[in-house]
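Before any questions on how it binds or moves, here is one chain, the form predicted on its own, in C-alpha coordinates.
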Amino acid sequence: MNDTTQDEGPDTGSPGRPTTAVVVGGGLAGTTAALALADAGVRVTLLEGRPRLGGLAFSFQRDGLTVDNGQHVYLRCCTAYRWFLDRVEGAALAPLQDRLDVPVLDAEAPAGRRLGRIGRTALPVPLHLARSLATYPHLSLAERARVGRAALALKGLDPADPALDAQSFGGWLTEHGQSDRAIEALWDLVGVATLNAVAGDASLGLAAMVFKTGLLSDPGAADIGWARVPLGELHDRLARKALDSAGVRTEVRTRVTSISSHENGRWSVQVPGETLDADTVVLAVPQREAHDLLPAGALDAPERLLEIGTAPILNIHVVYDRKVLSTPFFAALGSPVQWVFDRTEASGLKEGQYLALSQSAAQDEIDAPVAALRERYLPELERLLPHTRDAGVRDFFVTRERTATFAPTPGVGRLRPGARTKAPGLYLAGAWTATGWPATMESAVRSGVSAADAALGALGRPRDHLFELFEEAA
(Lines give C-alpha, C1' and ligand atoms only; values in the text may rest on other atoms or scores of the structure.)
Protein backbone atom coordinates (compact mmCIF):
# COMPACT_ATOMS: atom_id res chain seq x y z
CA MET A 1 0.00 0.00 0.00
CA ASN A 2 1.17 3.55 -0.71
CA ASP A 3 0.07 4.60 2.78
CA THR A 4 2.95 6.55 4.31
CA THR A 5 2.28 7.74 7.82
CA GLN A 6 2.98 11.28 8.97
CA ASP A 7 3.87 12.49 12.42
CA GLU A 8 1.01 14.30 14.05
CA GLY A 9 1.98 17.90 14.62
CA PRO A 10 0.43 20.99 16.09
CA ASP A 11 -2.27 23.04 14.40
CA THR A 12 -0.49 24.75 11.48
CA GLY A 13 -2.77 27.77 11.53
CA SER A 14 -0.76 30.81 12.64
CA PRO A 15 -1.92 32.86 15.63
CA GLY A 16 -4.85 34.95 14.49
CA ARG A 17 -5.24 32.94 11.25
CA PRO A 18 -7.78 30.11 11.01
CA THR A 19 -6.74 26.65 9.93
CA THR A 20 -7.78 26.17 6.30
CA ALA A 21 -8.37 23.25 3.97
CA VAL A 22 -9.21 22.78 0.31
CA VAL A 23 -11.13 19.69 -0.73
CA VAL A 24 -10.89 18.89 -4.45
CA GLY A 25 -13.94 16.95 -5.65
CA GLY A 26 -17.58 17.20 -4.62
CA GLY A 27 -18.67 13.58 -4.79
CA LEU A 28 -19.62 11.68 -1.65
CA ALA A 29 -15.97 11.35 -0.62
CA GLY A 30 -15.17 15.04 -0.96
CA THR A 31 -18.43 16.23 0.57
CA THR A 32 -17.90 13.94 3.55
CA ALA A 33 -14.31 15.11 4.04
CA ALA A 34 -15.40 18.76 3.86
CA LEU A 35 -18.15 18.24 6.45
CA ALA A 36 -15.88 16.31 8.81
CA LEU A 37 -13.17 18.99 8.60
CA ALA A 38 -15.61 21.86 9.02
CA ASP A 39 -17.22 20.16 12.01
CA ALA A 40 -13.78 20.31 13.69
CA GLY A 41 -13.50 24.06 13.17
CA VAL A 42 -11.43 24.06 9.97
CA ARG A 43 -12.30 26.69 7.36
CA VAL A 44 -12.98 24.61 4.23
CA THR A 45 -13.29 25.38 0.54
CA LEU A 46 -14.81 22.61 -1.60
CA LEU A 47 -14.08 22.67 -5.34
CA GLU A 48 -16.06 20.67 -7.89
CA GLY A 49 -15.62 20.77 -11.67
CA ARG A 50 -19.18 19.74 -12.47
CA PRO A 51 -22.16 22.09 -12.07
CA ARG A 52 -23.44 19.98 -9.15
CA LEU A 53 -22.32 17.86 -6.22
CA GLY A 54 -22.80 14.10 -5.95
CA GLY A 55 -20.15 12.66 -8.24
CA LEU A 56 -21.49 9.61 -10.09
CA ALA A 57 -24.69 9.42 -8.03
CA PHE A 58 -26.74 12.29 -9.42
CA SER A 59 -30.01 13.31 -11.07
CA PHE A 60 -30.99 15.22 -14.20
CA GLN A 61 -34.16 16.46 -15.92
CA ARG A 62 -35.78 14.76 -18.90
CA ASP A 63 -39.19 15.66 -20.31
CA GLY A 64 -40.50 16.88 -16.98
CA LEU A 65 -39.14 13.93 -14.99
CA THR A 66 -36.27 13.93 -12.50
CA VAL A 67 -34.09 10.98 -13.48
CA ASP A 68 -31.23 9.36 -11.58
CA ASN A 69 -28.26 8.47 -13.77
CA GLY A 70 -28.41 5.01 -12.20
CA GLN A 71 -30.01 3.12 -9.36
CA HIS A 72 -28.05 3.14 -6.10
CA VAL A 73 -28.88 1.16 -2.98
CA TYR A 74 -27.20 0.66 0.36
CA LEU A 75 -27.44 -1.89 3.17
CA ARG A 76 -28.02 -1.60 6.89
CA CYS A 77 -24.36 -2.53 7.40
CA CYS A 78 -23.33 0.60 5.47
CA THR A 79 -22.85 2.59 8.65
CA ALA A 80 -20.76 5.33 7.03
CA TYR A 81 -23.32 6.14 4.34
CA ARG A 82 -26.06 6.06 6.97
CA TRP A 83 -24.00 8.59 8.94
CA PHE A 84 -23.83 10.74 5.82
CA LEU A 85 -27.60 10.58 5.37
CA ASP A 86 -28.09 11.61 9.00
CA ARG A 87 -25.53 14.42 8.64
CA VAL A 88 -27.35 15.96 5.66
CA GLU A 89 -30.77 15.29 7.29
CA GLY A 90 -31.78 12.90 4.52
CA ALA A 91 -32.20 9.56 6.30
CA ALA A 92 -36.00 9.67 6.18
CA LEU A 93 -35.82 10.08 2.39
CA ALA A 94 -33.84 6.86 1.92
CA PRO A 95 -35.34 4.37 4.40
CA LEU A 96 -34.29 0.77 4.90
CA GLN A 97 -36.46 -2.31 4.55
CA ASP A 98 -37.79 -3.59 7.86
CA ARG A 99 -36.35 -6.95 6.88
CA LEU A 100 -34.37 -8.18 3.85
CA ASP A 101 -36.70 -9.33 1.07
CA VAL A 102 -35.57 -9.67 -2.55
CA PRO A 103 -37.99 -11.09 -5.14
CA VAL A 104 -36.06 -13.15 -7.73
CA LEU A 105 -37.78 -13.93 -11.04
CA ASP A 106 -36.47 -16.71 -13.28
CA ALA A 107 -37.53 -16.03 -16.87
CA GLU A 108 -36.89 -19.63 -17.90
CA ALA A 109 -38.64 -21.42 -15.02
CA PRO A 110 -42.12 -22.98 -15.28
CA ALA A 111 -44.93 -20.61 -14.32
CA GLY A 112 -45.33 -21.97 -10.80
CA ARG A 113 -41.62 -21.74 -9.96
CA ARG A 114 -40.70 -18.41 -11.54
CA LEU A 115 -40.70 -16.44 -8.29
CA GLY A 116 -38.26 -17.05 -5.46
CA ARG A 117 -37.23 -14.84 -2.58
CA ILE A 118 -34.04 -14.13 -0.70
CA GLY A 119 -34.92 -12.95 2.78
CA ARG A 120 -34.14 -13.35 6.45
CA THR A 121 -35.72 -14.09 9.76
CA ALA A 122 -34.85 -12.65 13.19
CA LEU A 123 -32.80 -15.74 14.10
CA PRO A 124 -29.07 -15.31 14.81
CA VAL A 125 -26.44 -15.65 12.05
CA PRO A 126 -26.29 -17.90 10.05
CA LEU A 127 -29.73 -19.32 10.88
CA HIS A 128 -31.36 -16.05 9.78
CA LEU A 129 -30.96 -17.17 6.13
CA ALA A 130 -31.73 -20.85 6.62
CA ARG A 131 -35.44 -20.70 5.80
CA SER A 132 -34.85 -18.60 2.69
CA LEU A 133 -32.14 -20.94 1.40
CA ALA A 134 -34.17 -24.06 2.20
CA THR A 135 -37.13 -22.83 0.13
CA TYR A 136 -35.22 -21.09 -2.68
CA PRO A 137 -36.72 -22.66 -5.82
CA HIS A 138 -33.98 -21.62 -8.22
CA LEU A 139 -31.49 -24.15 -6.83
CA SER A 140 -31.73 -27.90 -6.33
CA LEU A 141 -31.67 -29.37 -2.84
CA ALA A 142 -28.07 -30.50 -3.34
CA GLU A 143 -27.02 -27.06 -4.59
CA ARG A 144 -28.64 -25.41 -1.57
CA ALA A 145 -26.74 -27.70 0.78
CA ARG A 146 -23.44 -26.91 -0.96
CA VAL A 147 -24.22 -23.19 -0.80
CA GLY A 148 -24.67 -23.49 2.96
CA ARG A 149 -21.31 -25.22 3.35
CA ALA A 150 -19.58 -22.62 1.17
CA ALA A 151 -21.13 -19.80 3.20
CA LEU A 152 -19.74 -21.26 6.41
CA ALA A 153 -16.31 -21.57 4.78
CA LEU A 154 -16.53 -17.97 3.58
CA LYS A 155 -17.39 -16.85 7.11
CA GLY A 156 -14.04 -18.20 8.26
CA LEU A 157 -11.99 -16.10 5.80
CA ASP A 158 -10.19 -12.88 6.71
CA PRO A 159 -10.93 -10.31 3.96
CA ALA A 160 -7.84 -8.33 4.98
CA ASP A 161 -5.53 -11.27 4.20
CA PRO A 162 -3.44 -10.14 1.17
CA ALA A 163 -3.43 -13.72 -0.11
CA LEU A 164 -7.21 -13.53 -0.61
CA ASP A 165 -6.90 -10.37 -2.68
CA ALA A 166 -4.73 -12.24 -5.18
CA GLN A 167 -7.30 -15.03 -5.68
CA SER A 168 -10.40 -15.14 -7.85
CA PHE A 169 -13.75 -15.43 -6.10
CA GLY A 170 -15.03 -17.60 -8.94
CA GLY A 171 -12.13 -20.03 -8.55
CA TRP A 172 -12.76 -20.26 -4.82
CA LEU A 173 -16.46 -20.97 -5.39
CA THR A 174 -15.64 -23.76 -7.85
CA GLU A 175 -13.20 -25.27 -5.36
CA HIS A 176 -16.00 -25.26 -2.80
CA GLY A 177 -18.43 -27.19 -4.94
CA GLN A 178 -20.52 -24.35 -6.37
CA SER A 179 -22.18 -25.17 -9.68
CA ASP A 180 -22.52 -22.67 -12.52
CA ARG A 181 -26.21 -22.46 -11.66
CA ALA A 182 -25.50 -21.70 -7.98
CA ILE A 183 -23.05 -18.97 -8.98
CA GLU A 184 -25.61 -17.40 -11.33
CA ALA A 185 -28.66 -17.77 -9.10
CA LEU A 186 -27.11 -16.69 -5.81
CA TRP A 187 -23.48 -15.63 -5.62
CA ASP A 188 -23.48 -13.45 -8.75
CA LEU A 189 -26.99 -12.22 -8.03
CA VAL A 190 -25.54 -10.42 -5.03
CA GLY A 191 -21.92 -10.07 -6.10
CA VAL A 192 -22.40 -8.45 -9.50
CA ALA A 193 -24.57 -5.72 -7.99
CA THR A 194 -22.14 -4.96 -5.16
CA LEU A 195 -18.78 -5.64 -6.80
CA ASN A 196 -19.61 -4.67 -10.41
CA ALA A 197 -17.96 -7.88 -11.61
CA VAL A 198 -18.88 -11.52 -12.05
CA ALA A 199 -17.33 -13.95 -9.58
CA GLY A 200 -14.64 -15.07 -11.99
CA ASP A 201 -13.35 -11.50 -12.37
CA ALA A 202 -13.54 -10.48 -8.71
CA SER A 203 -11.00 -10.51 -5.90
CA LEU A 204 -11.77 -13.13 -3.27
CA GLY A 205 -10.80 -10.60 -0.59
CA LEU A 206 -13.40 -8.06 -1.71
CA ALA A 207 -16.05 -10.73 -2.23
CA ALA A 208 -15.41 -12.18 1.23
CA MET A 209 -15.76 -8.71 2.68
CA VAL A 210 -19.11 -8.17 0.92
CA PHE A 211 -20.65 -11.50 1.88
CA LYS A 212 -19.24 -11.65 5.41
CA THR A 213 -20.31 -8.11 6.26
CA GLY A 214 -23.62 -8.10 4.42
CA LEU A 215 -24.92 -11.61 4.98
CA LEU A 216 -22.89 -13.22 7.75
CA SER A 217 -22.25 -10.53 10.38
CA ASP A 218 -25.64 -9.52 11.79
CA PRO A 219 -29.16 -10.69 10.95
CA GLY A 220 -30.20 -7.27 9.66
CA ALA A 221 -26.94 -6.31 7.95
CA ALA A 222 -28.24 -6.88 4.40
CA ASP A 223 -31.57 -5.08 4.75
CA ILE A 224 -31.76 -2.84 1.68
CA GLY A 225 -32.25 0.92 1.60
CA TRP A 226 -32.74 3.20 -1.38
CA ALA A 227 -33.72 6.80 -2.06
CA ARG A 228 -37.43 7.48 -2.42
CA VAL A 229 -36.48 10.86 -3.89
CA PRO A 230 -34.05 11.74 -6.69
CA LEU A 231 -30.42 11.23 -5.71
CA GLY A 232 -29.73 14.89 -6.42
CA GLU A 233 -32.02 15.76 -3.52
CA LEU A 234 -29.70 13.91 -1.14
CA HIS A 235 -26.24 14.26 -2.67
CA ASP A 236 -26.56 17.79 -4.06
CA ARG A 237 -29.35 19.91 -2.53
CA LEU A 238 -29.24 18.58 1.04
CA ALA A 239 -25.46 18.17 0.90
CA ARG A 240 -25.05 21.83 -0.14
CA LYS A 241 -27.39 22.90 2.65
CA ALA A 242 -25.30 20.97 5.19
CA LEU A 243 -22.07 22.39 3.78
CA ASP A 244 -23.44 25.92 3.91
CA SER A 245 -24.56 25.43 7.50
CA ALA A 246 -21.08 24.16 8.41
CA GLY A 247 -19.47 27.27 6.89
CA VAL A 248 -17.94 25.52 3.89
CA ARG A 249 -17.35 27.62 0.78
CA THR A 250 -18.56 25.47 -2.12
CA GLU A 251 -17.54 26.28 -5.70
CA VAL A 252 -18.93 24.24 -8.60
CA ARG A 253 -17.86 24.52 -12.24
CA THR A 254 -14.37 25.04 -10.82
CA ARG A 255 -11.70 22.69 -12.10
CA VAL A 256 -8.35 22.46 -10.33
CA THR A 257 -5.36 22.72 -12.66
CA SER A 258 -2.47 22.14 -10.23
CA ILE A 259 -1.53 21.58 -6.60
CA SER A 260 1.82 22.61 -5.13
CA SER A 261 3.43 22.91 -1.71
CA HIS A 262 5.36 25.79 -0.20
CA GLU A 263 8.53 25.72 1.89
CA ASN A 264 6.47 26.86 4.87
CA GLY A 265 4.41 23.65 4.68
CA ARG A 266 1.30 25.28 3.22
CA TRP A 267 -0.35 24.38 -0.07
CA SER A 268 -1.50 26.27 -3.16
CA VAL A 269 -4.41 25.04 -5.24
CA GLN A 270 -4.66 26.62 -8.68
CA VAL A 271 -8.00 27.14 -10.42
CA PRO A 272 -8.68 29.38 -13.41
CA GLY A 273 -8.32 32.97 -12.24
CA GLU A 274 -7.52 32.19 -8.61
CA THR A 275 -4.96 30.58 -6.32
CA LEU A 276 -6.18 29.20 -3.01
CA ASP A 277 -3.73 28.74 -0.14
CA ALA A 278 -4.44 26.17 2.55
CA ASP A 279 -2.88 24.28 5.43
CA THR A 280 -4.14 20.96 4.11
CA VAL A 281 -5.59 19.54 0.89
CA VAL A 282 -7.83 16.52 0.34
CA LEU A 283 -7.78 15.18 -3.19
CA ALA A 284 -11.14 13.42 -3.67
CA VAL A 285 -11.24 12.79 -7.41
CA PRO A 286 -11.03 9.62 -9.57
CA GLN A 287 -7.71 7.79 -9.50
CA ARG A 288 -6.51 8.93 -12.93
CA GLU A 289 -7.29 12.56 -12.16
CA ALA A 290 -5.57 12.19 -8.80
CA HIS A 291 -2.50 10.80 -10.56
CA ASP A 292 -2.34 13.85 -12.81
CA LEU A 293 -2.68 16.32 -9.91
CA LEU A 294 -0.36 14.68 -7.38
CA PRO A 295 2.92 16.55 -6.94
CA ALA A 296 6.16 14.64 -7.44
CA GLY A 297 7.08 12.42 -4.51
CA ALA A 298 3.62 12.33 -2.97
CA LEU A 299 3.40 8.55 -3.51
CA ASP A 300 6.21 6.02 -3.83
CA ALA A 301 4.66 4.46 -6.92
CA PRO A 302 2.08 6.85 -8.40
CA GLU A 303 1.88 4.79 -11.59
CA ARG A 304 -0.03 2.20 -9.60
CA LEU A 305 -3.04 4.49 -9.69
CA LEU A 306 -3.13 4.05 -13.47
CA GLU A 307 -3.13 0.28 -13.03
CA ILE A 308 -6.43 0.37 -11.16
CA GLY A 309 -8.91 -0.64 -13.85
CA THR A 310 -12.46 0.63 -14.24
CA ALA A 311 -15.77 -1.17 -14.79
CA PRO A 312 -18.93 0.18 -16.46
CA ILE A 313 -22.59 0.21 -15.44
CA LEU A 314 -25.36 0.51 -18.02
CA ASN A 315 -28.73 1.92 -16.97
CA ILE A 316 -31.84 1.38 -19.06
CA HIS A 317 -34.91 3.51 -18.44
CA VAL A 318 -38.40 2.56 -19.64
CA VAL A 319 -41.57 4.60 -19.13
CA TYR A 320 -44.80 2.66 -19.65
CA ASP A 321 -48.30 4.07 -20.06
CA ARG A 322 -49.64 1.92 -17.22
CA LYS A 323 -48.54 0.06 -14.12
CA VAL A 324 -46.70 -3.17 -14.97
CA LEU A 325 -44.84 -3.96 -11.70
CA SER A 326 -46.36 -4.23 -8.22
CA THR A 327 -43.16 -4.48 -6.17
CA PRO A 328 -40.52 -1.78 -5.56
CA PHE A 329 -37.83 -3.89 -7.25
CA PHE A 330 -36.82 -7.40 -8.26
CA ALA A 331 -33.78 -9.32 -9.48
CA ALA A 332 -33.85 -11.53 -12.56
CA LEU A 333 -32.37 -14.86 -13.63
CA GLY A 334 -32.35 -16.53 -17.04
CA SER A 335 -32.30 -13.12 -18.70
CA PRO A 336 -29.81 -10.36 -19.48
CA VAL A 337 -31.92 -8.21 -17.13
CA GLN A 338 -30.26 -7.98 -13.70
CA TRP A 339 -32.16 -5.66 -11.32
CA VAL A 340 -35.32 -3.63 -12.01
CA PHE A 341 -36.54 -0.75 -9.84
CA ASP A 342 -39.77 1.24 -9.82
CA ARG A 343 -38.80 4.93 -10.00
CA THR A 344 -42.26 6.29 -10.77
CA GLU A 345 -42.89 8.31 -7.63
CA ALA A 346 -39.31 9.50 -7.21
CA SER A 347 -39.19 10.81 -10.77
CA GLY A 348 -42.42 12.75 -10.48
CA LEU A 349 -44.28 10.70 -13.09
CA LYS A 350 -48.03 11.17 -12.63
CA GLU A 351 -49.43 8.53 -15.02
CA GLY A 352 -48.00 5.16 -16.01
CA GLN A 353 -44.89 3.58 -14.53
CA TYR A 354 -41.17 4.25 -14.88
CA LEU A 355 -38.80 1.29 -14.50
CA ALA A 356 -35.03 1.57 -14.22
CA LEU A 357 -32.83 -1.42 -15.09
CA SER A 358 -29.39 -1.48 -13.48
CA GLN A 359 -26.92 -3.53 -15.51
CA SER A 360 -23.57 -3.97 -13.76
CA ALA A 361 -20.38 -5.39 -15.30
CA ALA A 362 -21.75 -4.22 -18.65
CA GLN A 363 -18.53 -4.32 -20.66
CA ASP A 364 -20.22 -6.06 -23.62
CA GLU A 365 -23.08 -3.56 -23.90
CA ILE A 366 -21.83 -0.23 -22.60
CA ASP A 367 -21.40 1.19 -26.12
CA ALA A 368 -24.33 -0.60 -27.79
CA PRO A 369 -26.73 1.66 -29.75
CA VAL A 370 -29.97 2.58 -28.02
CA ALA A 371 -31.97 0.89 -30.80
CA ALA A 372 -30.14 -2.41 -30.22
CA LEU A 373 -30.68 -2.20 -26.47
CA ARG A 374 -34.36 -1.46 -26.98
CA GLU A 375 -34.70 -4.46 -29.28
CA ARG A 376 -33.07 -6.67 -26.67
CA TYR A 377 -34.52 -5.46 -23.38
CA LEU A 378 -38.16 -4.72 -24.12
CA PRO A 379 -38.85 -8.38 -25.06
CA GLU A 380 -36.95 -9.47 -21.95
CA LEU A 381 -39.20 -7.32 -19.77
CA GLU A 382 -42.19 -8.92 -21.48
CA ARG A 383 -40.83 -12.36 -20.53
CA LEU A 384 -40.44 -11.28 -16.91
CA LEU A 385 -43.47 -9.01 -16.50
CA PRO A 386 -46.56 -10.18 -18.42
CA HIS A 387 -48.36 -6.85 -17.90
CA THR A 388 -45.81 -5.11 -20.12
CA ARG A 389 -47.13 -7.02 -23.15
CA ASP A 390 -50.25 -4.86 -23.31
CA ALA A 391 -48.56 -1.66 -22.20
CA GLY A 392 -47.36 1.15 -24.42
CA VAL A 393 -43.78 2.39 -24.16
CA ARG A 394 -43.81 6.16 -23.75
CA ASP A 395 -40.04 6.55 -23.47
CA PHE A 396 -36.92 4.40 -23.66
CA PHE A 397 -33.51 5.88 -22.96
CA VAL A 398 -30.10 4.88 -21.68
CA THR A 399 -27.51 6.35 -19.31
CA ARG A 400 -23.98 5.02 -19.41
CA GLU A 401 -21.26 5.21 -16.78
CA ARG A 402 -18.22 3.82 -18.58
CA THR A 403 -15.96 4.24 -15.55
CA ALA A 404 -18.62 3.76 -12.87
CA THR A 405 -16.36 1.94 -10.41
CA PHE A 406 -12.86 0.64 -10.06
CA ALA A 407 -12.55 -2.93 -11.31
CA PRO A 408 -12.40 -5.29 -8.28
CA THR A 409 -10.00 -7.67 -10.02
CA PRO A 410 -7.68 -10.02 -8.12
CA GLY A 411 -4.64 -8.03 -6.99
CA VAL A 412 -6.34 -4.63 -6.94
CA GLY A 413 -5.83 -4.33 -3.19
CA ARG A 414 -2.09 -3.73 -3.55
CA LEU A 415 -2.80 -0.83 -5.91
CA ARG A 416 -5.24 1.09 -3.66
CA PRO A 417 -3.46 3.79 -1.61
CA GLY A 418 -4.43 4.86 1.86
CA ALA A 419 -5.56 8.35 2.85
CA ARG A 420 -2.08 9.60 3.77
CA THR A 421 0.55 10.53 1.23
CA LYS A 422 4.28 11.23 1.69
CA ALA A 423 3.56 14.94 1.29
CA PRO A 424 2.64 16.43 4.71
CA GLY A 425 -0.80 18.00 4.53
CA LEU A 426 -1.97 16.17 1.37
CA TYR A 427 -4.55 13.38 1.62
CA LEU A 428 -6.48 11.13 -0.75
CA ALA A 429 -10.15 10.18 -0.72
CA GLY A 430 -12.40 8.24 -3.07
CA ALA A 431 -14.10 4.87 -3.23
CA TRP A 432 -10.98 3.57 -5.02
CA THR A 433 -8.70 4.19 -2.02
CA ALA A 434 -7.90 1.51 0.56
CA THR A 435 -11.17 1.38 2.47
CA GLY A 436 -11.48 -2.41 2.42
CA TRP A 437 -14.80 -2.04 0.58
CA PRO A 438 -15.62 -2.32 -3.11
CA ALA A 439 -16.56 0.83 -5.05
CA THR A 440 -19.81 1.71 -3.29
CA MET A 441 -21.32 4.81 -1.69
CA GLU A 442 -20.20 3.30 1.61
CA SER A 443 -16.59 3.13 0.43
CA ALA A 444 -16.71 6.74 -0.79
CA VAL A 445 -18.00 8.08 2.54
CA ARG A 446 -15.54 5.98 4.53
CA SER A 447 -12.68 7.35 2.45
CA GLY A 448 -13.78 10.93 3.10
CA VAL A 449 -13.90 10.35 6.84
CA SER A 450 -10.52 8.59 6.76
CA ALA A 451 -8.91 11.51 4.92
CA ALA A 452 -10.44 14.04 7.32
CA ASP A 453 -9.38 11.95 10.30
CA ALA A 454 -5.76 11.81 9.07
CA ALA A 455 -5.74 15.55 8.30
CA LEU A 456 -7.21 16.53 11.67
CA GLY A 457 -4.70 14.32 13.46
CA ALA A 458 -1.81 16.06 11.72
CA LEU A 459 -3.32 19.48 12.39
CA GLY A 460 -3.88 18.70 16.05
CA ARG A 461 -7.59 19.35 15.70
CA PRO A 462 -10.35 17.49 17.61
CA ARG A 463 -11.64 14.25 16.09
CA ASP A 464 -14.16 13.08 18.71
CA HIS A 465 -17.04 13.93 16.36
CA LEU A 466 -15.97 11.07 14.08
CA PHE A 467 -17.41 7.66 14.89
CA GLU A 468 -15.04 5.13 16.41
CA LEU A 469 -15.73 2.95 13.39
CA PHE A 470 -14.36 5.60 11.09
CA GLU A 471 -11.26 6.12 13.20
CA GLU A 472 -10.54 2.42 12.83
CA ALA A 473 -11.16 2.60 9.09
CA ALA A 474 -8.69 5.44 8.73
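In case it trips you up, residue 1 is the first one in the sequence shown, and so on. Just so you know, these numbers come straight off a predicted model, no measurement behind them.
Just so you know, the form predicted together with a small molecule exists too; it's not on screen, but the next bit is about it.
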property	result
Candidate stretches 35-43, 438-446, 420-428, 407-415 - the one whose heavy atoms come within 4.5 Å of the small molecule in the predicted complex	438-446
Non-hydrogen atom contact residue 299 with the small molecule in the predicted complex at 4.5 angstroms	no
Contact label in the predicted complex: residue 317 to the small molecule, heavy atom within 4.5 Å	no
Distance check, residue 261 to the small molecule in the predicted complex, heavy atom within 4.5 Å	no
The small molecule contact at residue 285 in the predicted complex, heavy atom, 4.5 Å	yes
